[in-house]
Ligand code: C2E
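Encoded as structure tokens, the following chain is the form predicted on its own, with no partner shown.
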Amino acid sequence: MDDRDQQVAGTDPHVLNGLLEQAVNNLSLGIVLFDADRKLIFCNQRYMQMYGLSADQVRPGTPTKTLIEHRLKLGLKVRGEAKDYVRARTEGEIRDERTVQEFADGRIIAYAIHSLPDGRGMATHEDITEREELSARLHQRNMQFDIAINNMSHGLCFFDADHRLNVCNRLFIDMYGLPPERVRAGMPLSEIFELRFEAGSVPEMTRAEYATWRTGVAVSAEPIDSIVEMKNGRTFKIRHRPMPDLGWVATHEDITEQRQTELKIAHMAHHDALTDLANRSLLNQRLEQAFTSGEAFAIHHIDLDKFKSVNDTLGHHAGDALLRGVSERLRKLVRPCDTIARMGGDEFIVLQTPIGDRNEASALAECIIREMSMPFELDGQQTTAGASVGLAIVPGDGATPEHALRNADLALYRAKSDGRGTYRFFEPAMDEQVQSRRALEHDLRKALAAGELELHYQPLVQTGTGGVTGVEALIRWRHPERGLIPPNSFIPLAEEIGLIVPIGEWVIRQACMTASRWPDRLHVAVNISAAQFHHPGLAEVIVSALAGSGLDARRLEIEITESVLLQDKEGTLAMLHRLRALGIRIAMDDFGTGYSSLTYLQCFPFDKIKIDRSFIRDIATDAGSLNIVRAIAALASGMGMAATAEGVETQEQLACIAAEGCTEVQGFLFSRPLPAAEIERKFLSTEAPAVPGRFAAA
């Protein structure tokens, strides 16, 4: 027995009991001792405080039934009837019991009964209200945390300093296809790697490569953002953030759709929407790269020869289909290192890089032309596109991408001028020609306002009498420096730059004004281009010209070519009937040179057909030309139309034409086109001599 035991043993029992009672009264537990008859032996002060009991209410011998009923009055919540609850705890053998009791005022008491020897018992009462509330709050917070992380749009995981998982959300598990039952707190990062490799949700790396990379990120003390493309096609953005305790947290965002959208937008920014070929922007990038490489390369500028006719005859849908077909053929012709770009409309560029010599460029250009000449199947119909190609070779044909493209364009212009369906290499002389053309274009834009345009008139002679029946108005440009410029040198340019309509309107007004001074027996013929004919307001321009000049509409003759009827046939015929209704005569010019001239004669009753000069030139020596003229003259006579032969230059031609029944002739044999004053002096004055070239039959 040690000193303390001896000291306690020698203590006065009354003192010892006092110490024990003091100790029991200072416990946080309420304690009740009762005998086998369920009567109170002792309770401590904590018990009295918990239930608001006085000393009189807890005297020894007080039945425990009374104490239980007191608690019921305080709002103890029980299941079933109160009397049953009291009976169960005051009758029969005392049994150990542990339960939690709730009161109406919100208190929570942990209640326990302990059986003691001799049938006695002890009950403990512990107020656990604060602890339960704290536990509930913690539980609530855990639930909120769980709800929060499991409803995040990103996968989330926490790891401690030993690279063991603390927590992760469901999305993290789902994103990587991990088996949920195998993911647990405390598992090492290496095991998660293995699960991901089993699921195939890893980048194109070996296990060792991936582990090295990911572990390097994990131990980093700096924030790291990574974009990782998985084997399964998904793309994740991972944001790694280190924690102060050397652990780390990472969010995982599935950006697959965003990435695909970004790639699609980037693709659209550099590719043509219709053909999916490179556009100008991407072509410029590739050209810059080609120049930087220092290797030789070729630029093929391709233009389809018959795209406009396909669009006009079959519609824009067919035109789009043709462009897609051309794109597919070009893809099959070039190498993977080459670039095909659509420049807009029906123009394409092939950047052939690198090349060994010009022969490689020639070979590809020939393949392109040959392939484009093969028929395309469009909406069940076969059509041909044809192509012309302009070539620029670098180094040599341009020091910059812009310069090289421009020179390829110049070569294309030469290929088209030389008959289309061919290719041409750039030559320095082409640039000089373009500069000259640009200067001409600049001057032409000012010519109308400057009064430099004028009309010359060529007589139309009746074969039967030799008399002048009318004139054809033909435009000329009196350039202040270049002199008199014929129409074939500037009319195509005017059509190309959009000046043909205002120039054509001026011709109509000027011709009507001039013809109004001449005898009523003379008519004036004016050529109308396809562009002018289909421009809105043509009828109003003609009516205005007639009204302003006072010319009788029956003295005006409009000449059109077959090309006018190729566009909007129904609208064209409606306009022709409208003009005819005004009294204006309608003539088909260059008859016999088109494919459908006879068809159009059936559609509209022309007043006159003009036989093209190509048939007149050899009529005296070529039986074929003579037979064509004979057939046309007979056709005109049978349909009640006049037939005019153009380009008559010799007496032999005139004799053949007259013999075949042509009613009117025109050509140098009688007169070149002359200014109005010369026409008046030579053919309309009282002193005018007989028409030159008058033949005996007249």
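Numbers follow the displayed sequence, beginning with 1. Computed from a prediction, not measured in an experiment: that's the story for all the values here.
Heads up, the form predicted together with the ligand isn't pictured, but that's what we're talking about next.
*Asks:* Identify which of T90, Q532, N169, T422 has a heavy atom within 4.5 Å of the ligand in the model of the complex; exactly one of them does.
*Replies:* Contact residue from the list: Q532.
*Asks:* Name the single residue among L67, A643, V648, V629 that comes within 4.5 Å of the ligand in the model of the complex, judging by heavy atoms.
*Replies:* Residue within 4.5 Å of the partner: V648.
*Asks:* Might D127 be said to contact the ligand in the model of the complex, defining contact as any heavy atom within 4.5 Å?
*Replies:* The answer is no: D127 has no heavy atom within 4.5 Å of the ligand.
*Asks:* At 4.5 Å between heavy atoms, is I528 in contact with the ligand in the model of the complex?
*Replies:* Yes.
*Asks:* Answer for R286 alone: is it within 4.5 Å of the ligand in the model of the complex, judged on heavy atom distances?
*Replies:* Close contact is absent here: in the model of the complex, R286 is far from the ligand, nothing within 4.5 Å, heavy atoms only.
*Asks:* Might E557 be said to contact the ligand in the model of the complex, defining contact as any heavy atom within 4.5 Å?
*Replies:* E557: no, not in contact with the ligand in the model of the complex.
*Asks:* Which single stretch, out of 483-491, 90-98, 289-297, 273-281, brings residue heavy atoms within 4.5 Å of the ligand in the model of the complex?
*Replies:* The contacting stretch is 483-491.
*Asks:* For 670-685: residues with a non-hydrogen atom within 4.5 angstroms of the ligand in the model of the complex?
*Replies:* The stretch touches the partner through P673 alone.
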